[in-house]
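So this first bit is one chain, no partners, the form predicted on its own, shown in structure tokens.
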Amino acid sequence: MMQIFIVDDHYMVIEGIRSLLHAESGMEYIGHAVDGASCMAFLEENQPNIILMDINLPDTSGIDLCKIVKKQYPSICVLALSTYSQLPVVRNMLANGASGYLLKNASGEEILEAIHIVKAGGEYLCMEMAEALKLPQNTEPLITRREKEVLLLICDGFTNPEIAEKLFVSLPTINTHRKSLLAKLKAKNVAALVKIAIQNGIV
């Protein structure tokens, strides 16, 4: 019996997948967690064959959680199930050990197919992500080294004057870097900038 565990904070998603698995012979839903902490607590006592894992969790990102799970329980297959279709998110999830990536608009048939494939030792990418990852990628970094330094300090809560002082540059220079970061990451404000940077694994 293939045991499946779900990590997602949306009960409609959990119930939908639970019903799907209940109707499928050879698969058993053994529980769910709504955040990273409860997931790790569950795994101390139980090791499912496969975890269906969301990216956006209340206390951590699925990207970080996947890395922790694979380090401590390498035999568990992690299959991402998310609304995020940004390529950096997909790449980081796969780099941290996920065996596949599904979008939440996937059909029940596709979810079951993905589960079977990863359980057999394969990898599964939904068609949209598989096609996107085959596209030639720009080898230039999305942001410059200096912009990343500024971004890290912004995420740590430093103000522009404080960042200018730490990096030994002028305040107008930092203002320029911040405007560039907002534009490149398509963020409306600093709060959105920080959220996007974390979700995309940039920081």
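Only the largest set of C-alpha atoms that superpose within 1.5 Å between the two forms is called the rigid core. Here the structure is a predicted model, which means the values were calculated and not measured. Residue positions are given as counts along the sequence shown, with the first one as 1.
There is another form of this protein, the form predicted in complex with another copy of the chain, and it is not shown here; the text below is about that form.
Original post:
Can all three of Ala33, Thr60 and Val169 be found with a heavy atom no more than 4.5 Å from another copy of the chain in the model of the complex?
Top reply: Result no, not one residue of the spot touches another copy of the chain.
Original post:
If we take heavy atoms and a 4.5 Å cut-off, which stretch out of 153-161, 38-46, 62-70, 25-33 is in contact with another copy of the chain in the model of the complex?
Top reply: After filtering at 4.5 Å, what remains is 153-161.
Original post:
According to a 4.5 angstroms non-hydrogen atom cut-off, is Leu103 in contact with another copy of the chain in the model of the complex?
Top reply: Yes.
Subject >> Partner proximity in the model of the complex: Gly108 to another copy of the chain, non-hydrogen atom cutoff 4.5 Å >> reply: Taking the distances in the model of the complex, the answer for Gly108 is yes, it comes within 4.5 Å of another copy of the chain.
**OP:** Mark Ile17 yes when one of its heavy atoms lies within 4.5 Å of a heavy atom of another copy of the chain in the model of the complex, and no otherwise.
**Re:** Ile17: contacts another copy of the chain in the model of the complex.
Subject >> Ser75, heavy atom within 4.5 angstroms of another copy of the chain in the model of the complex >> reply: Contact check for Ser75: no, nothing within 4.5 Å of another copy of the chain in the model of the complex.
Original post:
Which residues within 1-17 place at least one heavy atom within 4.5 Å of another copy of the chain in the model of the complex?
Top reply: Stretch hits, in order: Asp9, His10, Tyr11, Met12, Val13, Glu15, Gly16, Ile17.
Subject >> Flag for Asn189, CA shift 2 Å or larger between the shown form and the other one after aligning core >> reply: Where the cores coincide, Asn189 still shows a C-alpha shift between the shown form and the other one that is 2 Å or more.
**OP:** Examine Val150 after superposing the rigid core and state whether its CA is displaced by 2 Å or more between the shown form and the other one.
**Re:** Yes.
Original post:
in the model of the complex, do the Cα atoms of Pro58 and Val150 sit closer or farther apart than here, given a shift of 3 Å or more?
Top reply: Closer in the model of the complex, by 3 Å or more.
**OP:** Report the direction of the Cα distance change between Pro58 and Leu152 in the model of the complex, compared with the displayed form, as closer or farther; the change is 3 Å or more.
**Re:** Relative to the shown form, the pair is closer.
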